[in-house]
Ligand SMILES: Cc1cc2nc3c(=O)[nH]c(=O)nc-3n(C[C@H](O)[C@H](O)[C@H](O)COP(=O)(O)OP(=O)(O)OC[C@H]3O[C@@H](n4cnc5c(N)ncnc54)[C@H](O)[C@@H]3O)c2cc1C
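Only one chain is shown below, in structure tokens, and it's the form predicted on its own.
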């Protein structure tokens, strides 16, 4: 039985890992980019650990620690150092409830879950991605996007961008909903168009490195959110080197600003505004900007019911499952859980 996982983000890698554990030896992962991981991007710059996407996961969520144990990197999980978020009102900081801070940052979690803090990995969030990718290196095909899928009897045929094709007994579509929805619609799945219309909010993050002595205001807690930000104003800032250990060399600080789409230069906006808010003197040692034109999905009302209905209709087709942030939650843990559930489903259906 040949199974193809379309998408090498964390959900797709988790699905492939689950299939591997279930004894499915003929698994191929097709990733359109030249690296695995999707929105999980970690860079090492001059002794700093820079996150381009999520920088951690909720401490109460078991999915990533469990996966790390299976991969032999359980000892790489680290706890949050500093807690607490402040609200910047334009003139002063004031403490803010953890649940409200999460809401303002678009984190879909209960206040009690956020209050328990976050975890990450010693070398950044890329560690579980790289560990799975290394274990499945023989199955991973980079720079291979899927242009279309077609049903051929009880099997599937996948057209690859560039002209080649693959046949499969089962498929996991671990793709953004706007891509997976179009593929499902092309094979007659009712509701595929609704998936394709799920909105993914754009975002920009800017990481800036400083010598600690450049920052005049004490960095209290893990960061701050901005009250009612204007379009060209930063929305929040994480004190990355205070939140998790090992993010900056001794005597240095790493800040991470969050912005919405802007026509101005994001790094300049972040630098100038943080200088005013945190009394920063001099230029940053360097800055790194990450653009996410389609970042986190924003679910409409009755989203779960719609997804459940689509999954019921998929049961009438040859083995096919969907997984990822567009369906079961946008956090990294939710993506791992979604991917593993999809992998188990396809393993069961292809065992018949």
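Numbering follows the first chain given and starts at 1. Bear in mind that the values here come from a model prediction, so they are computed numbers and not experimental data.
Absent from the display: the form predicted in complex with this ligand. The rest refers to it.
Query raised in the report: Just one of 39, 310, 320, 68 has a heavy atom within 4.5 angstroms of this ligand in the predicted bound form, so which one?
Result: Flagged contact: 39.
Query - Location of this ligand contact in the predicted bound form, chosen stretch of 27-35, 281-289, 42-50, 310-318 [non-hydrogen atom, 4.5 Å] - result: So the stretch in question is 27-35.
Query raised in the report: So in the predicted bound form, does any heavy atom of residue 55 sit within 4.5 Å of this ligand?
Result: Judged by the heavy-atom cut-off of 4.5 Å, residue 55 is in contact with this ligand in the predicted bound form.
Query raised in the report: Can you check whether residue 175 is within 4.5 Å of this ligand in the predicted bound form, heavy atom basis?
Result: Answer yes; at least one heavy atom of residue 175 falls within 4.5 Å of this ligand in the predicted bound form.
Query raised in the report: With the cut-off set at 4.5 Å between non-hydrogen atoms, does residue 145 touch this ligand in the predicted bound form?
Result: Yes - in the predicted bound form, heavy atoms of residue 145 and this ligand come within 4.5 Å of each other.
Query raised in the report: Is there a non-hydrogen atom of residue 241 within 4.5 angstroms of a non-hydrogen atom of this ligand in the predicted bound form?
Result: No - in the predicted bound form, heavy atoms of residue 241 and this ligand never come within 4.5 Å of each other.
Requested in this report: Could you list which residues of 121-136 come within 4.5 Å of this ligand in the predicted bound form, counting heavy atoms only?
Outcome: Result: empty, none.
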